[in-house]
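What follows is one chain in structure tokens, specifically the form predicted alone.
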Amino acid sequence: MANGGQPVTFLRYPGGKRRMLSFLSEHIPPRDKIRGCYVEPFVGGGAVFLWLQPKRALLSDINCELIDLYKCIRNNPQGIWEAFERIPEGKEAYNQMRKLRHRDLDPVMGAARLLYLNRTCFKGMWRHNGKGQFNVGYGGAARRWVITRQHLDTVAKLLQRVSIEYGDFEPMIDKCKSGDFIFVDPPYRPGMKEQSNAHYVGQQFTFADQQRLALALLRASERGVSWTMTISSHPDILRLYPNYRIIPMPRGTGRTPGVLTSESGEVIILNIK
């Protein structure tokens, strides 16, 4: 993986691309070849950004809690870590933290709570109900201390010159210019037409969203923007990209979260020649 730096992780993220980096790296330009800005409109766990470590970047997501976490890590990793350490162990403590509302907490405690829930919930399955309440059960503390203060410090350094924005993917893609590169990893179920499960904030990623995404990427291509996308291999989705390279993933997450399979139902689509 000579393209970027050493892989850095701090979040557990269903559908995250950390374990696919060796394959994805063949279809992502070296950071020194990105003349403009590196853009991730669905940043999620940020595995590709944290590996590539681009010189300039824009990271965004529709999940405001996640964006607040990134911003707070950039500004105060020490405060988050100290708050994270103070949260008690065990299922009872987990349920109490889960009941808290993000908007009622100060930024540091809100970030520490989200990091704690992510590290200790069942299989890292970030899911919210229709009211926006985190509703994943307790998964144990085994993965809580896999991360350290040094992980947050490293991430904070990588985020210092990064724009971090909350919002829908379409305006983020539409602001990209010639020379920029976009890595696109929308919410999807491998082999399926739509992401019907509640994803992060109680929203679905529907086929209408897939159509919006395809049109936004077409406009970006016409402006000279390069992009690489990971997506479901459903035929209706593939028909949205008739003039682009489509490469089946030899291994991917498949339909069971966290489990790699050789029949993943996922593809890479890209406009890079």
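Keep in mind the model is a prediction, meaning the values are calculated, not measured. Start at 1 and count along the sequence shown; that's the residue number.
The same protein also has a form predicted in complex with a small molecule, omitted here; what follows describes it.
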Out of the stretches listed (76-84, 114-122, 182-190, 90-98), which one is close to the small molecule in the predicted bound form, meaning heavy atoms within 4.5 Å?
182-190
I'd like to know whether A214 contacts the small molecule in the predicted bound form, with contact meaning heavy atoms within 4.5 angstroms.
no
In the predicted bound form, is there a heavy atom of the small molecule that lies within 4.5 Å of any heavy atom of A47, even though the partner is absent here?
yes
4.5 angstroms heavy atom contact with the small molecule in the predicted bound form for G167:
yes
With the partner left out here, check for me: in the predicted bound form, does some heavy atom of F42 sit within 4.5 Å of the small molecule?
yes
